[in-house]
Every structure is written in C-alpha cells, then in structure tokens.
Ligand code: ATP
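For reference, the chain that follows is the form predicted alone, supplied as structure tokens.
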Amino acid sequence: MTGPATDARGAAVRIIRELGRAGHTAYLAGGCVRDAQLGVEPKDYDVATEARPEVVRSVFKRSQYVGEAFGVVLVYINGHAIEVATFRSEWGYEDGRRPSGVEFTDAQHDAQRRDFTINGLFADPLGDDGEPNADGKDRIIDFVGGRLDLQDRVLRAIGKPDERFAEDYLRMLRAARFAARLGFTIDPETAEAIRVSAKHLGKISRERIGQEVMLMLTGPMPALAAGLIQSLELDGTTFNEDHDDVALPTLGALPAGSSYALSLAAWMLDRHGASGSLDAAAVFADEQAWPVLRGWRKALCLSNDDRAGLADALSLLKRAHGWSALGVAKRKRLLARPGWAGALALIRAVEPDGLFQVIEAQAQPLIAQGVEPKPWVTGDDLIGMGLKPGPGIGRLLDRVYDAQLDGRVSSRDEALAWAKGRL
C-alpha cells in the first residue's frame, strides 16, 4: 500500500537513518507508533532523537525551529514536513500547561513525560546495519507498559495520573477523546484522578477546550465521547454549567458524520431536558435555548459559523414543529433552507415516529416540484411598474414568490400580473 501516509513514513525513516549515520539515536514516536500497532494507518509521523536541535538543523539544512526551547525542529524532506524533537524531561507546570523547566535527556525519561502509556511508545525502523528493515517491521521500545495496554485496550496515564494531569489539564479531555475514538476503557485510577482534578480544567484556555470538544463531536463516536466527558465530571467546567451525567439519546441517534453544530444541538437538548419529545424540544428552542447557546458559545469559543449552525438547527427544529400549520409556500421555503437536512436529522433523533414521518412523506412531492425555483418577478420588474425603491419592494417580492411556490401563478406573465394587481 502506498500513498501520502506511507510516503511520510519514508521521509521520517530517512531522517532517522541520517541521524543514525551522524551518530545519534532516533526513533518514530507517539501517535504514529500507537496507530501502527493497532493496524491503523497513521495520519502523520513524528521523530524523537537524542540529537540536540542545533545538531538536527546541521544535518538537515531544510529545517526550522518550531519550538526551540522544547527542542522541536521541523524538517522538510521528500515533500513532507516532519517534526523532530529532542528527548527531554520537563517540570514545574505552574499554569497547568507549560513547563517552567526543560532538560534534554534520553528516550526513557522522554517517555515518562508523555500523557498515556499508549502514546509513550517508540519504534526503531532500522536494522543492525542502520538501514530500514527489509520486512518493514519496527522494533518497539516500551518503557511505560504501553504495548500491554494496547493489547488490553486500556487507556492509562503514565506514572501517577494526578501528576500527569497537573502538567496539562487538557489531558483529561484528551483521555475522553482517545478512549472514545479507540473504543478503549479508561483505567480506574486514571478515571478517578480525572474526577478529582476536573475542577482545574477551567485553567485551560477556552480555545483549547473547544478544540477538543470539536474533535470529539466530529469523531467516530461523538455520543460515547460526550458520555465520557459527563461520567468523568468534566462537563461542568467544559460548559460552565453544573455537572449532570444525563442520558444522551438524541446525540446517540444522530447519523454518523453529523456536523459539529448539529451534534452540539443534540447534546444541548439532552442536557437540558428536551430530548425524547418534539414538543419539549420545540419549547426549549423557542423559550430557553438562547441563554444556553450564549453560554456554550463562550465556554467552547465557538466560531461564528458554528454558533450560527447551532442556532439554525434549533430554529429550524422549532419551525418544523409547526409543519402541519404551514402552507405550501412556507413548507417549500423551509425545505430550501441550507441547514434543513441537518435539522430533519435532529428531528428524527428526537422523535423518530410521528411528525418526522409526516414531514418525510409530505416533503417528497414538494421537493420533486422544486422548492427553490428562480423567481419570476424581480425588484427591477416592480420598479418598472412604478413602485418606489424601499421596504415595500421586498414585501411584495416575498408575496409574489409565495404565490409562485404554492402554484397560484404558473408563469412569469401570470406572476407579473399578480404583482401589478397588488401595487
């Protein structure tokens, strides 16, 4: 199998070989080793080495520092940018994120500073002759018990869990993400340390918290990830709300690949008691959602697009709740909304029977007719009839377009006559 990922591996192996020829130990490190051991094609490859960053730069002229204080160099080779980091130890995490002390060291000490045992593995792709192994198999270097945890499908913090999380409290959310993505159970001691330290998650920037939540809700198992956030008692500080380990039927019922905004809307309905009933969901969307939405936007540092997508999903759900009372034109306008497909998926997740099935059946013939045809009448047409520019043009355009949508006019000439009769 060949492709961008295998080409990136070739670039990383070449770096390891060149550093070896210069007299320096170097290994594949971290996530790429974990994924390869799980039989998953790694997305990218990182290299860890005993060579100091200035040495790495002397060996590879096409390189640059991306974290000089931490010994990280970006090496450009074979069309790929590979991170090469010097083995290091760290200490003094006073802000719950950045170390105040860094010391270059060896592979064993470097492994000890990492977060979880499955991420603390190294792989040597070279044979005794310093060339890539002919069979493509790597020698795994494991100082932390990561291979056994991979075998047992357990996510375990390296060393003392409370110390690992105090170094970077975002690791607590990452535990939920890794466990959900990989289908691993979280080691009980690690899980308990997360619950005890959950209150400290607020020390992490909202941008980083939001990024982790987005990765989880757009990953393969969003409901499982959200459930872990709640069961690990991280939900309170994640949303700046009270902890509440609620069931997640709506989020769990969304189709795979749902957008971040739609997943947030489903989680919001579940957390705020509006799941299982379209009536309850519509009342929440109409009367209670907006203060919650403002709070989530701030807590997760949502982008304008994600905030708008979340608001649209709730607004469309509320409007769809009144489907039976809508005329043909309003139904077609609703079906033409860009977020309608997502909103319908949300409606189905809340209440798969009843109104969802009615909408599905009644929407098909409308879609076949066309829900967003080109308007037969334009603003220029109305001005040509003598209507002065202003809000009145927009109101009349809406009315004549509704007449077009629901079939009261069947041609441009009829639409023009209809509009002229209402000047």
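For clarity, every value in this text was computed on a predicted model and none was experimentally measured. Residue numbers here begin at 1 and follow the sequence given.
Just so you know, the form predicted together with this ligand exists too; it's not on screen, but the next bit is about it.
- Looking at this ligand in the predicted bound form, residues Pro222, Trp296 and Asp306 place no heavy atom within 4.5 Å of it.
- Asp115 belongs to the set of residues with a heavy atom inside 4.5 Å of this ligand in the predicted bound form.
- Contact between Asp286 and this ligand in the predicted bound form is not found at the 4.5 Å heavy atom cutoff.
- Put simply, Asn133 is far from this ligand in the predicted bound form: not one heavy atom of it is within 4.5 Å.
- Proximity of Glu241 to this ligand in the predicted bound form: non-hydrogen atoms within 4.5 Å are absent; the residue sits far from the partner.
- The candidate stretches are 70 to 78, 124 to 132, 264 to 272, 176 to 184, and the one lying within 4.5 Å of this ligand in the predicted bound form by heavy atoms is 176 to 184.
- Contact with this ligand in the predicted bound form, defined as a heavy atom within 4.5 Å, holds for exactly one of Asn119, Ser277, Ser89, Ser231, namely Asn119.
- Out of the listed residues Asp142, Asp138, Asp168, Asp162, Asp168 is the one that sits within 4.5 Å of this ligand in the predicted bound form by at least one heavy atom.
- Shown without its partner, the chain has Gly30, Gly31 in segment 7 to 31 as residues with a non-hydrogen atom within 4.5 angstroms of this ligand in the predicted bound form.
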